[in-house]
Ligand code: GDD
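Shown here is one chain on its own, the form predicted on its own, set out as structure tokens.
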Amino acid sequence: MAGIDAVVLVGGQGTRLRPLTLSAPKPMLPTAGVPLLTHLISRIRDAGVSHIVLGTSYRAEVFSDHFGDGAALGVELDYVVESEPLGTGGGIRNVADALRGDTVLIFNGDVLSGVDLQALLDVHERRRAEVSLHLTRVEDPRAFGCVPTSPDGLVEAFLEKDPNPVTDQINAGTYVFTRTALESIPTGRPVSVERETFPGLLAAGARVAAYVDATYWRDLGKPSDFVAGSADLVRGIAPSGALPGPVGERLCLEGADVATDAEVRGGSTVGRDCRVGAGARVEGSVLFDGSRIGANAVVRRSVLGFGSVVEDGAVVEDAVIGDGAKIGSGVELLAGARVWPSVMLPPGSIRFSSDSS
């Protein structure tokens, strides 16, 4: 991996994960015990790449305050800040001055993936490509734009969402760029790689190669995927070299207090200084540091923000609870309900559902 840089794009505002992202960028949210970005940095490091550039924008200081120069993770980190949103293509072009080599691995910062990075680079070199893409196969590609390829492994087109997609291959958010291709992206304005950069390269006759596999892949942009991705990390389904404990049904961090008769499973994470009361049930959920779950409460497939409280007997399913929010006893939060920071829901037989906020 000598002479290869890595770039991680972490400039988005994470609006689909609000209210969690009001206080921290999405890649910095606790995911299986550490910031989501830590898992990706560990995979890049373990592949042999030591120089990583973070392309930041929203709450840029949070990244540098936490990671510093990267030495604690065994890498060298540089930071490039977008003064205004530039899109994926513009964000890639914006980091050019921080690069050192002629080959660049580029990652979307909100994706968990098991792609073999060395195999991706081998395809890039063997195809003599200007750009190479990791493509993954999905069961239902109708929700994505799809990417058909030729028999010799070159990308043929980038197609928008279609009710009758021609392939199950989609863009998985990991790329290899030559420096020349990267510097061909226009500067000073927003650019979409899928709508402008990649189609423009194809139209110009550039070689755009594809590496297609069926390894683990999940975009953590939505609350349901964020929760599922964290659980997959805890259970060892998603790869990471940064888990702060052994894989299993649950991960309990320092100072967590779980009652002996409480049930915590399904890849749940119980953060630092959390409390889980007697008879409580927690399944496939993420409890940020300092949160509290009362006796006989139920929390399934949900995220509890820092210092939030679920009182005795409350039910929280498929929900997002903001920092410091309090869910009273007897309250039921179901089907995508979201509670914003510091909101207090009083005790009672109240049911919130259907993506209420």
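Just so it is clear, the model here is predicted, and its values are computed rather than measured. Here, rigid core means the biggest group of C-alpha atoms that superpose within 1.5 Å across both forms. The first residue of the sequence shown is number 1, and the count goes up from there.
Note that the form predicted together with the ligand isn't included here; everything after this is about it.
**Message:** Checking a candidate spot here: are 31, 114 and 232 all in contact with the ligand in the predicted complex (at least one heavy atom each within 4.5 Å)?
**Reply:** The answer is no: none of the three residues contacts the partner (heavy atom, 4.5 Å cut-off).
**Prompt:** So which stretch, 285 to 293, 328 to 336, 50 to 58, 298 to 306, is the one near the ligand in the predicted complex (non-hydrogen atoms, 4.5 Å)?
**Reply:** Contact-bearing stretch, as computed: 50 to 58.
**Asked** Considering the ligand in the predicted complex, which of 126, 100, 189, 161 comes within 4.5 Å of it through any heavy atom?
**Response** Looking at the other structure, the residue within range turns out to be 161.
**Request:** Consider the chain as shown here, without its partner, and state which of 263, 213, 219, 196 has a heavy atom within 4.5 Å of the ligand in the predicted complex.
**Result:** Only one option qualifies, and that one is 219.
**Prompt:** Would residue 172 show up as a contact with the ligand in the predicted complex if we use heavy atoms at 4.5 Å?
**Reply:** Result yes; residue 172 sits at the interface with the ligand in the predicted complex.
**Prompt:** So, in the predicted complex, is residue 79 in contact with the ligand at a 4.5 angstroms heavy atom limit?
**Reply:** No - in the predicted complex, heavy atoms of residue 79 and the ligand never come within 4.5 Å of each other.
**Asked** Any of the heavy atoms of residue 85 lying within 4.5 Å of the ligand in the predicted complex?
**Response** Result yes; residue 85 sits at the interface with the ligand in the predicted complex.
**residue 43 within 4.5 Å of the ligand in the predicted complex, heavy atoms** = No, residue 43 stays farther than 4.5 Å from the ligand in the predicted complex.
**Item:** Stretch 89 to 112: residues contacting the ligand in the predicted complex, 4.5 Å heavy atom cut-off
**Value:** Contacting residues: 91, 108, 109, 110, 111.
**Asked** Comparing between the shown form and the other one on the rigid core: C-alpha of residue 159 shifted by 2 Å or more?
**Response** True for residue 159: a C-alpha shift of 2 Å or more.
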